[in-house]
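One chain comes next, on its own, written as structure tokens: the form predicted alone.
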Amino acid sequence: MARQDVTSADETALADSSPMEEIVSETALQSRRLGLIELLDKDLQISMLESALKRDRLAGTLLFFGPEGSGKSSLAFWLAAALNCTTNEGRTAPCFQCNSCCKIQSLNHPDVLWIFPLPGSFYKGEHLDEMRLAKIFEQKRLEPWIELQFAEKSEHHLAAVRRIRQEASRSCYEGRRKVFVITGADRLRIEAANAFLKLLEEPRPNVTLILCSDRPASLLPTILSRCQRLQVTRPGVSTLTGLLESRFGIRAEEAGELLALADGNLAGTLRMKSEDSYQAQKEWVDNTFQAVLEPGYSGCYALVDNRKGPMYNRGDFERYLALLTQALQDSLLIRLSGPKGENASPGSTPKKGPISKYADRVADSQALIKLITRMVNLRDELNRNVNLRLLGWSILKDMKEVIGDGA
């Protein structure tokens, strides 16, 4: 089956060009919660979807793709509400007032199912641990914009696809369409991906599958070819800065710094702001440079073996990696700009600290650039079943080699 594309005036209308051991729980944020369906800078995508709905050109399987924090799942739930709204006759947008819309916004609609990657420990044979799953849903209802973070690797298992297949075969309980919002769709295990492909080969009426992915290239080509695709971009920095300032009371300057460190990811920014996570990770980055600068490897061994550090938790490691990459970029700027270090990024560790000392010992800037490139590309490695301590050790070893101390 060829890929179905929404068209407008015979042209493509949808661009061809988503864990809950940690949550944003700061009390100050409770009164300003973001909703499950919070659309920021999504006028273009909404217009395309409304056009497809009006012309009855919406496919049964869609792929919303874009960077982490771009609002793919929020847009997916908006579409689920539009497909099941009971008072939007003559319109394509959901009302957000009817019983159906309210249930979808609170993750309580029996015909709208959220499927997300889970660690293997959540499964008891072919069955999910329903108590642990219920806790995730409860936390998501309290803070809809939190990112699911697990210490273990999370994936879509075969049992999850079988659940989708089973639910898709049933009639709607109370809505017009069954909608499956599948976040992290690129994290399908091989056997799960093959089973999912079979599901796509047998499309069912009144069933819509919405896949959300940060890395669509990781999906099987045969799955991609059966999806109607829509590119989702991150909200503008000015939009996010204004939101953080007006609804969370974060000063514009601080909001800008946090957004830069979180690479424009709103949920990541809120996570850094909460529970002293940001300061703790900064201290770990400083400790990393100090360990690398010490002669020998004893400091590096201690860093890797510290069970309170980021190398024993996947979510912590991702944040640590982002800050360490930023610090290495700062060290490159200090190295290239000379002693003044005038080009170091705002909010970074002061240049007189270990980052500046590291920059002074870099003999070959190209070696540092190569290391930074590797760090930027490490995210895909984290999605595989990689040993965090071995990966962390490899990074420390590479950092030592850049300053000529890798013997």
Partner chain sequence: MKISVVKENLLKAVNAISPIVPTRSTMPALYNILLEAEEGEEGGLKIVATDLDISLSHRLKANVKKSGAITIPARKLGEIVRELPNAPVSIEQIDEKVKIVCDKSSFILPSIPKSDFPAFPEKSFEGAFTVSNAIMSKLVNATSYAAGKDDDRPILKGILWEINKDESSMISTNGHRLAKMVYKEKTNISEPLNVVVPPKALEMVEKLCSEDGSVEVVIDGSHLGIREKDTVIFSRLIEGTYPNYEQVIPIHNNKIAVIDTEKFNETLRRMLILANTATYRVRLYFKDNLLNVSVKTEDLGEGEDSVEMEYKDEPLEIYFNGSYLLDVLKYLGSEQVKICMQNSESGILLVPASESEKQRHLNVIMPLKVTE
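Residue numbers count along the first chain shown, from 1. A quick note: this is a predicted structure, and the numbers were derived from the prediction, not measured.
Note that the form predicted together with its partner chain isn't included here; everything after this is about it.
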Is it true that 108, 131 and 169, all three, sit within 4.5 Å of its partner chain in the predicted bound form, judged by heavy atoms?
yes
Its partner chain contact at residue 312 in the predicted bound form, heavy atom, 4.5 Å:
no
Looking at the partner-bound form in the predicted bound form, is residue 92 within 4.5 Å of its partner chain by any heavy atom?
no
Quick one: does residue 178 come within 4.5 Å of its partner chain in the predicted bound form, counting heavy atoms only?
yes
Spell out, yes or no, whether the shortest heavy atom distance between residue 165 and its partner chain in the predicted bound form is within 4.5 Å.
yes
Contact residue in the predicted bound form, from 294, 174, 155, 286 (heavy atom within 4.5 Å of its partner chain)
174
Of these, 137, 123, 301, 96, which has a heavy atom no more than 4.5 Å from its partner chain in the predicted bound form?
137
Only one of 202-210, 222-230, 241-249, 67-75 gets a heavy atom within 4.5 Å of its partner chain in the predicted bound form; which is it?
202-210
For the stretch 218-232, return the residues whose heavy atoms include at least one within 4.5 Å of its partner chain in the predicted bound form, in the order they occur.
none
